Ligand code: ADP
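Next comes just one chain, in structure tokens: the form predicted alone.
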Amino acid sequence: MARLFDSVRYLKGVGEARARTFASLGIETLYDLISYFPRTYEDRSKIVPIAELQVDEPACFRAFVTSQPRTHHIRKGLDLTKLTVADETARLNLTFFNQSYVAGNLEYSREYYFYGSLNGDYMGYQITNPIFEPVEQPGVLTRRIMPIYPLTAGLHNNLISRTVQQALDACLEELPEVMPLQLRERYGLCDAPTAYRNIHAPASFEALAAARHRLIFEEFFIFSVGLSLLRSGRSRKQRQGYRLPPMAEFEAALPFSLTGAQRRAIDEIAGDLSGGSVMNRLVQGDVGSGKTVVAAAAAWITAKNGQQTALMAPTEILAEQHAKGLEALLGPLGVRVALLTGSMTPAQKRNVRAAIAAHEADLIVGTHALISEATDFSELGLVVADEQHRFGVAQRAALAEKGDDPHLLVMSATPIPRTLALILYGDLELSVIDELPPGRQNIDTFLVGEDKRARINAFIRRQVAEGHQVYIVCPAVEEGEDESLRSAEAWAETLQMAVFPDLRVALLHGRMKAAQKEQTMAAFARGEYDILVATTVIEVGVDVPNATLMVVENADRFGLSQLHQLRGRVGRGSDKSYCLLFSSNRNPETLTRLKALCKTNDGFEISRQDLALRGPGDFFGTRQHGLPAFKVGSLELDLQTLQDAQSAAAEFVSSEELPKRPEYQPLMERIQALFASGAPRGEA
């Protein structure tokens, strides 16, 4: 009997080279292998007579070989092997491409099970390259529900299936049971070995459903217990509550009226700040919903109580914009705003850091320079992290360590639905800004192909002639990254030299020096350029009210929520704005995804669809969010199981001293491993 965490090299047929290939899929141990679940299944268990086979519908049938297999050499690199099979209902031709060995494996007059898809036309029907097994042998590739695994070069499905079965036979008895017996009985969950056996080799679809239900519940339960422990750990932190200044004074200083949603969020934050325990709150709102003024209110309350606020933005462009806007809002109220970024000169940084340490600045806006060892705060009371999904939990914590249990406010313009947000950000309280300020307009969005290029170029020229500006976003920086992708550098040169030689075209991408990026963006904001060709460096925060057109090249290479963020860069002024999505991808799923963006401007609906299509790992980019990925469960499709698991987790955490009970050690180890695997990496 093998141990659960033995290397896959233990298994027959897995040598050093194949072990490296498995490692590329994250499979290094037997446990990794049995936890590598199928992505779908093929029903090869139902036997269909030849006469009832349907075109393009894979099926399993039983038949005799009624002709000698013959191989024909067509040309170099192409051999055809043909034969005829029959059952009591009909005859059928089989063709094998470049599989001449089948002539020796399929014997005349012998009976086999076959699996494949019928194809053909008026010339007749056939099946190409079917799978086959003799009827007297156990069904390995036919007569069963066949798991279909995610593949990589060097690993085909049958190989993975056989290797998984070896691993199950070798180590399944070692698998610890992490689900408490009382919960398994209450929710009708099978035991762990049964679940793992039936997820890989189900005897029936009922057995498969029971295995999936157990594993989905387990995933959600472990995740929910972990988040409950995080939340309970944070809620124990106590601190003196703030005195609330008259909020009417803050509102009176604003050049606009707050929306109901903004006022509600500010009230929730004020309650946290004055409540006597450390605030951990997420403010979530669509593009342009006005999250910054909510953060400004929190910073004002903090300053009125003699403490400092640190606001960390993901890019220098956004940090500068925040500093400028917050200075305009809070300066008249006596709040001293400072900016600290990595591109400042050493002298500038020394001066700003001296002011921070001497408490000559109340609100400090910056990038990662805020969490450097050289930055010391006098009395840090509030940490604000903008664009939450771009910062990991570790980066938030690093900034919080600059003070004595400061309050934490994180903001996100990725408006995933409230129920899912409560799950994904289970360590944070949630405020939702689901109302746009007056004057924010819907942006007309269209999906276009390359055949519309000339018309779109004319439309760009018309927008510029009317005095407006245009963004053109490319997925790559330079040529050579991917030949199928439009690169910002090459496209900017083409537009300037060949398409719009009379217009002013600028280039902006993440590899430019910070000072150059800032100069280019500032010049575009001042109207010194007509067209800005950029990468997704302009995804968040850039505010140019005169820009009315967003053009996205290779739009199929972006997620829906990212496209929605890009679209939010226009429509910030009073003029009608548009978003054009270029794509030559004809994949039906891709077209459905992009057309969804054209149908709505509702960020909550867009993010719901994005999450359903891509899953939480991809949804947030390169998993900088600190969220583990779910292997079996779907946050959209398995919502009832999720809610059951959450309820069970909340009850379990409240009634058990988990870390101290030895029988729950396997559960605690799974929780620690899950959250460690989703640990944030941060963004440079």
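The numbering used is simple: start at 1 and walk along the sequence shown. What you are looking at is a predicted structure, and each value in this text was computed from that prediction instead of being measured.
Unshown form predicted together with the ligand; subsequent notes refer to it.
Taking a 4.5 Å heavy atom cutoff to the ligand in the model of the complex, the contact residue among Glu327, Asp543, Asp79, Glu251 is Asp543. Between the ligand and the residues Gln166, Thr292, Ser277, Asn554, the one pair within 4.5 Å by heavy atoms in the model of the complex involves Thr292.
Taking non-hydrogen atoms only, Gln262 approaches the ligand to within 4.5 angstroms in the model of the complex. Shown alone here, Pro438 lies within 4.5 Å of the ligand in the model of the complex, counting heavy atoms only. Although the partner is absent here, Glu320 is not a contact residue: none of its heavy atoms lies within 4.5 angstroms of the ligand in the model of the complex. Though the partner is left out of this view, Asn457 does not reach within 4.5 Å of the ligand in the model of the complex, counting heavy atoms only. Contact with the ligand in the model of the complex, judged as any non-hydrogen atom within 4.5 angstroms, is confined among 88-96, 267-275, 526-534, 430-438 to 430-438. Shown without its partner, the chain has Phe256, Ser257, Leu258, Thr259, Gln262 in segment 242-271 as residues with a non-hydrogen atom within 4.5 angstroms of the ligand in the model of the complex.
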